Structures are given as structure tokens and as C-alpha cells.
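Provided below as C-alpha cells are two forms of one protein chain, presented individually as structure 1 and structure 2.
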Structure 1
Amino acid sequence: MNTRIKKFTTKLIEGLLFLCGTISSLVVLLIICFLFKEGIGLFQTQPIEEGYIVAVNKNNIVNTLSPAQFKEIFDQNISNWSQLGGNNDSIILFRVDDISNYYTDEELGANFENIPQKISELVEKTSGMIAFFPEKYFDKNFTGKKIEIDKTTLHAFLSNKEWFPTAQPVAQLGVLPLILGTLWVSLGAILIALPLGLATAIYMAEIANKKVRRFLKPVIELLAGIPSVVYGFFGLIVIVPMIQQVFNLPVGETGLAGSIILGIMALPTIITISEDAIRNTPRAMKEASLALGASKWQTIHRVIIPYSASGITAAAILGIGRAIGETMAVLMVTGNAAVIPHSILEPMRTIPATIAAELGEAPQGGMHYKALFALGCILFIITLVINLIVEIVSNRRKKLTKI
């Protein structure tokens, strides 16, 4: 009887654990699916604002334009069709608000019911015109030519150098500066945090006496509990002006400011985990090393660190994870200019900061919204790749130490 109850409880607990495991894996999978479903949608949409079209005169020989060309045209940097392989004719821009410059309110009708016809007339009349207007004003007898805009391709998305998701008429979706910004800032952060964190962990585990350790450990763990906005504000007010002065820069909001803040934020994770790993080194091993006449430093260097390498790599992974995904603090200190960075002393824009800053205002389900999800996918892939690399490296090291 008793054994039966015991068996039953074991089964029950096993079942519950299985259920919990399945549910959490399913949730993770679902989120990933959702992320990729929304993100991939970007490559099926044209990068023009929903519900708008671009049209030119029917005699214009230009058929397609790239997003970059659109931007140059509407920024008035290109002013003649011949620059785009067309006829020698100056470009006249037309947005729907401009219609009042051409027609009076009476001509447009009381409820603007004549707008479609008037736009059609205007485009026919003006040979160099490029018109950007809502699809609902597209006349049935429209004589002009609709300009086809290429769908965003993965290659263009990854290699274009300009990020203007709200540019009109055609959004510029180039994530290269964002990817590079993220990598620069995270790399800087880990270069600052890893040596510092590792040194602190070794000090706390091996060198510090009990009293110091008892005081230091909770203080460091406290760092992890500070909200990231506070770090960001601290960075903006203290670190940014400091960097500006030390390096004599015109502007202090730089990648370095982000790296320093992220480095500080990653410290508690790295210290706590690697310290635990170091303390897990069996006493027998340490004593054996010391008994063989090795000094304390030789023991740390030759015995303890190799033994706890996998724990330290885990600490590094989690630290990098925190650095790459961190949003608020970076958003506040890196300046967020979407330019390709040439040094860490330049303003940078990271992927998480971009998503956080733009998602709230982007129309849901629109092209901008999908582009931000695609950015999320890229971030996911970057983190995945880093984790895989670290996994491979630590596996190899384990093999080496075994031999």
C-alpha cells in the first residue's frame, strides 16, 4: 500500500515536471515563431507607406526606382530625370497636400470628390512630375504610369547603410549600421567587464578574507537589482560628459559610453557565476597543487581557472547576453545616430534601442512594425551564434584538459 502511494507520488511529480518543461519550451518556441512570422512578413511588402502609390507621366521612360533613388529625389538632391536614365526633364515633386497649389477648393469639389481626376490630369499635363498620393485617389482612367518599387530583399535589408523607416515616400531600411553598432558596443562592454569581473571573482573566491567577502558579495549582487534606467541616467549625466572631456570630443554620447555602462551592468552576472565556479574547485586539487610546491598564483592560474573554465564561459555568455539585449541604458547614452561606426568614440545606434524607441509609435502590422520585428530576428540570430561559438569553444577546451 505504502509503496503504491510512493510510486504514485513519484509518477505524479515526474508528470508535473514533464508538463512544466513542455509548457516552458512551448512558450519559448511560440515566441520565436511569432517573432519570425512577423519579421519575415517584411520581405513580402513594398517599402512604401501602406495605402500610397507613386506615379509619373506616361511618357517617362523610367520604370523602377530603388529606395535610395526615391530618397534622393524627394530630398531634392536629384533634380533631373536624366540623372536616373530618363529624358532630360526636371523633376517636379507632388504630394497630395500640394494639390491646393494647382486647383481651387471649388474645382476639387465639396467632399474632394474630384481629387482623383485632378491628380490624373495634373500628372498627364506635367511631363516631369512624380506624384506620391493615397491609393484611394487613384483614378479609374489614370493615364500616368505607376512606378514599381522593389520589395525589400534580405540582401538589401542587411547591406544598405541608411535607416530611415519613416522616410516618405519610400522607407530606407538598411540595418548594417545598427548591426555594427550593436556589435561594437557589446564587444566594448565585454572587453571591459570580463577581465574586471574575472579578477574580482578570483579575488573574492581565493584571496579575500571572509569578512571582506561577506561584505563584497551582497554589494555586487545589489548592482544587479538597480533598474537599467538608473544606469542610463547615471551614464548620461556622469560618463557622457567625462568621455567628452577626456577624449576632447565634440560630443560625449558615444559607443564607449554605452560599453562602459553595459560593462558595469554585466559585472554582477559575471562575478557571481564565475565566483561560484571557482569555489567549486575541489579542495583536494588545490591542496595537491600547493603541496607540490606551486605558489598561490600558479595554483590559480594552472589549476583553478582551467578547472572552472566552463563556469567562467557560462558567465561570459550570460554577460554578453545581457550586454547585447540591454535596451534602456544604451538608448540613453549612445546617441543613437544610425551611421556606420568607424571608432568606438562615435555615436552609435543599437538594435534593442531601435526597437524600444520605435515600436511604440509604429502603426501595427505596417512595414515599419515588421521591419522592427525583423531586427528582433537578427538580434536573436546574433545571440544564438555567440552562444553556439562559446559552446563549441568550451567543449573543445574540456576535451583538451581531459587529455
Structure 2
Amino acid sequence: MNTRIKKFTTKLIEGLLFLCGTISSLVVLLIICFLFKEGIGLFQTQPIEEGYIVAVNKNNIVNTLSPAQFKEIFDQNISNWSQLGGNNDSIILFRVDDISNYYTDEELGANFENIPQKISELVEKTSGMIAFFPEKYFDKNFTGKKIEIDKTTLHAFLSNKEWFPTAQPVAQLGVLPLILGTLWVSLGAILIALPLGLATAIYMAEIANKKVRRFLKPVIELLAGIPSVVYGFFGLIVIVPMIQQVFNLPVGETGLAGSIILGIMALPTIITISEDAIRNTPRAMKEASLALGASKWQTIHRVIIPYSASGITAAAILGIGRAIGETMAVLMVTGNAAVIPHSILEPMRTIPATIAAELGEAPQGGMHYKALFALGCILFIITLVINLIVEIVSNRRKKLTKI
């Protein structure tokens, strides 16, 4: 009887564990599918304001414009249709607010009911006009032709240098400044955290006595439990003014401030994993090195560190992963400037900070909303690549250990 109960209990526990694992895996897969579904939607819609139309004269041979060309037209950097492959005709911009410059209030009607007809008439008689107006003013007998704005392509999304998702009349969706900002801050963080973390790990594993190790271990682990917003406040009050004074900058909110904060936040990960890798060095290898006449420092440099290189590399990569995915602290100290950074002493913006700052203001289902999800897809891919590298490095370490 007891044997049957034990078997039943074992099966029940196994079933519950399997169910929990299955549910967790499905949840993760559903989240990933939802992320990419929303992000891919960006490349299936035109980047103009929803509910608006772009129209030109029916004799105009230009049928499509890229978002960058449309922006250049409204910025008046392109003033002739010949620059776009059309006729040699000056470009005349028209918005619905300009209708009063062409018609009187009486012609438009007491309730502006004649606006659709007048827009159609104006576009027909003005050969170089490009009209941008709400779809509700599109006359059913419109004599001009609609012009298509090219959909955002993946290449343009990744390579364009302007991030203005709320720009009118066409959103400018270039994530290159955000990607470069993320890489600048993350690279600076790992350059700060890796030497300091590795030195601390070596000290704790090979030099410090038990009392010092028992004290340092929980203190370092405590760093991982501090909320990121607290790091952000520390950076805003201490690091930012210090950078501004030391480098004589107009503002201290720079990529360097973000790198320092993220470097501090990445230290617990790097120290903990590196120390474990160092402490797992076989004692026989250390004793053999010392027996051959090597000093303690020579043993650390030539035996322990090379043997634990895979673990140290994994620690550095995981530290980079922590830096890339951090949001709040970076949002508070980097200046949030979505421009191409040329120096780490300039304000910049990262991908996670952009998502956190703008998602609450983006209308659900709109172009801005989909662009932020596309940013999330990029961040997911970067994190996935980092995790795969960690797996490769860890497997290599296991193979070397077996050898």
C-alpha cells in the first residue's frame, strides 16, 4: 500500500513539474510571438499620419515617394519635381489649413462643406502641387491622383539616422542612433566593470582570508539587490555633476555617466561568476606551479587565469547582457538624445530607455507603437546572441575540463 502511495505521489509530482515547465515554455513562446507580430507590423503600413492622404496633379509622373523624400519636400530641401524624377515644375505644398489662402469663406461654405470639392479643384489646376489633407476631405469625384509613400523597409529602419516617430507628416524611423547609443554605453560599462570585477574576483578567490571573503561576498551580492532607480538617483546626483566638472561639459548627462552606472550594476554578475571559475581551478595545477618555483602571482597569471578564461569570458558576456537590457538607470543619466554619438562624452539614448520613455505615449496599434515593438525585437535578438555566445563558451569550458 505504501509503495503504491509513493509511486502515485512521485507520478503526481512529476506531472505537476512537467505541467509547470510546459506552461512556462508556452508563456515565453507566446510573449516572443506577440513581440515579433507587433514589430513586423511596422513594415506593413505606410509611415504617414493615419487618416491622411497625399495627392498630386493627375499629370504628375511621380507615383511614389520614400519617407525621406517626403520629409525633404516639407522641409523645402527639395523644391522641384525634377529632383524626384518628375517634370521640371516647382513643388507647391498644400495643407488643409492653407485652403483659406486660395478661397474665401463664402466659397468654402458656411459649414466648410465645399472643402473636398475645392481641394480637388485646386490640385487639378495647379500642376506642381502636392496636397496633404485628411481623408474625410477626399472628394468622391477627385480629379487628381493619390501618391503612395513607400513602406518602411528593414534596411531603412536599421540605417536611417533620425528617430522622430511622431514627426509630421511622415514619421522618421531610423534606429541607428539608438543602436549606437546602446553599444557605446554597454561597451563603456564592460570596460569599466571587467578589470575591476576580475581583480575583485582574484582577490576573493586566491588572496583574501576567510573573514574578508565572508564579509565581501554578501556585500557584493547586495549590490545586485539594489533597485535600478536607486542607481539612477546616485548617478544623477553624484556621477553627472562630477563628469560635468571634470570634463568641463555643458551637461553631465552623457554616455560616460550611463557606462559608469551600468558598470557598477554589472559588477556582482562578473565578480560572482569569475570567482566561481577561478575557485574551480584544480588544486593540483596550483601546487604543481608552485612546486616548479613559480610565485603566487605567477601562478595566478600563468595558470589560474588561463584555465578559468572561459568562465571569465562568460561573466563578461553576461555583464554586457545586463548592461544592454538596463532601462531606468540609463534613462536618468544619459541625456536621452536620439542622435548619432561621436564620443562617449555626448548625450545619447539606448534602446531600452527609448521603449520605457515612449511606450506610454504611443497610441496602441499606431506606427509609433509598432516601431517600439520593433525596437524590442532588436533588443531580443541582441540578448539572444549574447546568451548563445555564453552557451558556446560554457560548453567549450566543459570540454576543456574533461580533457
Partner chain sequence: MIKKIKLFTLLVAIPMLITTAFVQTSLNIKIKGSDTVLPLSQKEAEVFMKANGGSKITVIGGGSGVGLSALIDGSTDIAMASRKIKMGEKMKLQDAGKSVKEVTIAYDALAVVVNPQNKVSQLTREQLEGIFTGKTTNWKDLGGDDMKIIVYSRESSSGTYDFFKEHILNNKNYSTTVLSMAATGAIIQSVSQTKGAIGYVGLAYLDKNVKALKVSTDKGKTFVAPSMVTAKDRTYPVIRPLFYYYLTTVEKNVKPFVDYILSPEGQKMVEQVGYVPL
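Definition used throughout: the rigid core is the maximal C-alpha set that superposes within 1.5 Å between two forms. Quantities reported herein were computed from a predicted structural model and do not represent experimental measurements. Residue indices: 1-based, along structure 1.
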Seminar exercise, completed: The form predicted in complex with the partner chain is shown as structure 1
For this session: Could you tell me whether the Cα atom of E206 shifts by at least 2 Å between structures 1 and 2 after core superposition?
Result: no
For this session: For K145, state whether the C-alpha moves by 2 Å or more between structures 1 and 2 after rigid core superposition.
Result: yes
Exercise. Just checking, between structures 1 and 2 and with the core aligned, does A131 shift 2 Å or more at the CA?
Worked result: yes
For this session: On a rigid core superposition, how far has the CA of N87 moved between structures 1 and 2, in Å, if you could check?
Result: 8.3
Exercise. With the two forms matched on the core, what distance in Å separates the two CA positions of K118 between structures 1 and 2?
Worked result: 6.1
